[in-house]
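Listed next as structure tokens is one chain, alone, in the form predicted alone.
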């Protein structure tokens, strides 16, 4: 059984249809990437999964359980972490307070260990734990957004454009951390404008165009696809 199944979902913003019969699956332990141009529906797909923009039809299942109409705060508790596009950190709160908020729904008494895990992944956050989040650099804010999502102890982590606006050296750091997160046992569904980087770390991938999945397969096969190379890889 797949960890996550998105089965024929449609999503509307008012009268505008953003997703059309989208199907995808993510198995436990995978990194799966969703690539496509701006406006293709990638962010909407993650918002649907995390309960922020529920689908009007179709199903989203987590370990076989339908979560299509489940409130977002309940979905977090079921094991779906979401680091959104634009980071959305709380600028007037400290780094530590932002991380603590990521664990607000937990009652297992093990948040200290996960905080140390985040500080191990992102030593810069440990150095700046008492600093206001709004004074961090763009790269540090991205680290904080990912760390905050990890504090909910997710089974699957949804990452929306984690390298957006970062310097090349920080992009490499973020993608290495994504692989480290996955190796430590967290499944990842990744949206990334830098398709070459995304396909380098993912095992499988989907291509989304104007709200529809138009291609899927192994990351290697998509990297070698002439259509994907021309449209997304600049080759």
Partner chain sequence: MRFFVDTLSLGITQGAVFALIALGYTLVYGIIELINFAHGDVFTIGAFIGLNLIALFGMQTWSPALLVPGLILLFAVTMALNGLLGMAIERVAYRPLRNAPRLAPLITAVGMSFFLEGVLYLVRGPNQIAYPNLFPSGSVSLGFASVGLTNLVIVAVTVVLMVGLHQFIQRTRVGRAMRATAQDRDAARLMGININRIIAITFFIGSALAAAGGIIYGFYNESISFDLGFRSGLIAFTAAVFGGIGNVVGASLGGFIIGLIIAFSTSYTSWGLQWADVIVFSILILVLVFRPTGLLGMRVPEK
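Residue numbers count along the first chain shown, from 1. For clarity, every value in this text was computed on a predicted model and none was experimentally measured.
Omitted here: the form predicted together with the partner chain. The next part is about that form.
Of the listed positions (115, 136, 121, 157), a single one reaches within 4.5 angstroms of the partner chain by any non-hydrogen atom in the predicted complex, namely 136. For the partner chain in the predicted complex, the listed stretch (179 to 187, 205 to 213, 166 to 174, 43 to 51) containing residues with heavy atoms inside 4.5 Å is 43 to 51. Residue contact with the partner chain in the predicted complex: residue 102 places a heavy atom within 4.5 Å of it.
Although the partner is absent from this view, residue 129 stays clear of the partner chain in the predicted complex, with no non-hydrogen atom inside 4.5 angstroms. Contact between residue 73 and the partner chain in the predicted complex is found at the 4.5 Å heavy atom cutoff. By the criterion of a heavy atom within 4.5 Å, residue 78 is excluded from the residues contacting the partner chain in the predicted complex. For the stretch 87 to 108, the set of residues having any non-hydrogen atom within 4.5 angstroms of the partner chain in the predicted complex comprises 88, 90, 91, 92, 93, 97, 100, 101, 102, 104, 105, 107, in sequence order.
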